[in-house]
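Below you will find one chain, with nothing else, as structure tokens; this is the form predicted on its own, and questions on how it binds or moves follow later.
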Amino acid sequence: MAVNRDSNAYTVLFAAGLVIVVGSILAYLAFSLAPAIAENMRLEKQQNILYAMGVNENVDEGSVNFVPTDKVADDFKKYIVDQLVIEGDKITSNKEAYLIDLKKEMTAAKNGAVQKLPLFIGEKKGKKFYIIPMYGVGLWDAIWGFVSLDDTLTVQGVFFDHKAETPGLGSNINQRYFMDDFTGETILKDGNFVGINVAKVNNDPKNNIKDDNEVDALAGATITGDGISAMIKKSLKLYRPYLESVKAKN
């Protein structure tokens, strides 16, 4: 019996079969690649945390070079001496605190749960670093990063990234010339926690002044810069009780 390839029934059956075949292939690929994807995400988080505390392979003023994936697990164990999880008044050590999903924790907190806040303590050349993860919203979608503080709550480094900021504008939050400006800035003003503002109108474009709680904004990326400012301030507010205990010791 000949098949009428011009009939509506044939078209519907062919399309349905194609959807089933393609869907099955995609489901198989997603399942089989899931472990590799999870591993890549784990290594990337470790790279970003280390980058914020100055453990990287930068060789010039413009490059952003992370610790290679074949070395990052060892370096993470070497430089990150403790991982803490803050839940209200309770602070516990957890060797996998870096795997905590901030977005999920923020959603849980909105629904009344106690938010789990990961915090990483690093040591390098006898100096202690407190690395705080951050999550916020830019112009188009999510932005995130890490800020590293010393005992005086002075920034020792940052790392920022984004999901969908404008190419050549807001997307440049992960470039050296922007991130390096934060190093040396204090998050305090007259003893109060104020964060760091990404300022469009800034009288210090070379960022030589380190006690003004400001860095120069990216050209054409005002909303993304505002998102960075809000993200830092919101994150510091969450971690303020712990940071105050650090400040009190110094």
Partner chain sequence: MLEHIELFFKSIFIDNMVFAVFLGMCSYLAVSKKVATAVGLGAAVIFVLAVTVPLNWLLDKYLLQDGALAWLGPEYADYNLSFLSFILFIATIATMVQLVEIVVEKFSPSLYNSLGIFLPLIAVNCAILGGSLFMQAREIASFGLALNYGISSGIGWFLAILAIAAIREKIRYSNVPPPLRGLGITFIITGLMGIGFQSFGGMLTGGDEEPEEVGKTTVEKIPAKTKTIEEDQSTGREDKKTEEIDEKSVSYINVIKE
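From a predicted model like this one, the values you see are computed outputs, not experimental measurements. Numbering follows the first chain given and starts at 1.
Just so it is clear, the following notes concern the form predicted in complex with the partner chain, a form of the same protein that is not shown.
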Proximity to the partner chain in the model of the complex, single hit among 77, 110, 95, 127 (heavy atom within 4.5 Å): 110
The partner chain: the contacting residue among 99, 81, 153, 91 in the model of the complex [heavy atom, 4.5 Å]: 91
Contact label in the model of the complex: residue 20 to the partner chain, heavy atom within 4.5 Å: no
Contact of residue 132 with the partner chain in the model of the complex (heavy atom, 4.5 Å): no
Interface membership of residue 139, the partner chain in the model of the complex, 4.5 Å heavy atom rule: yes
Proximity of residue 86 to the partner chain in the model of the complex, heavy atoms at 4.5 Å: yes
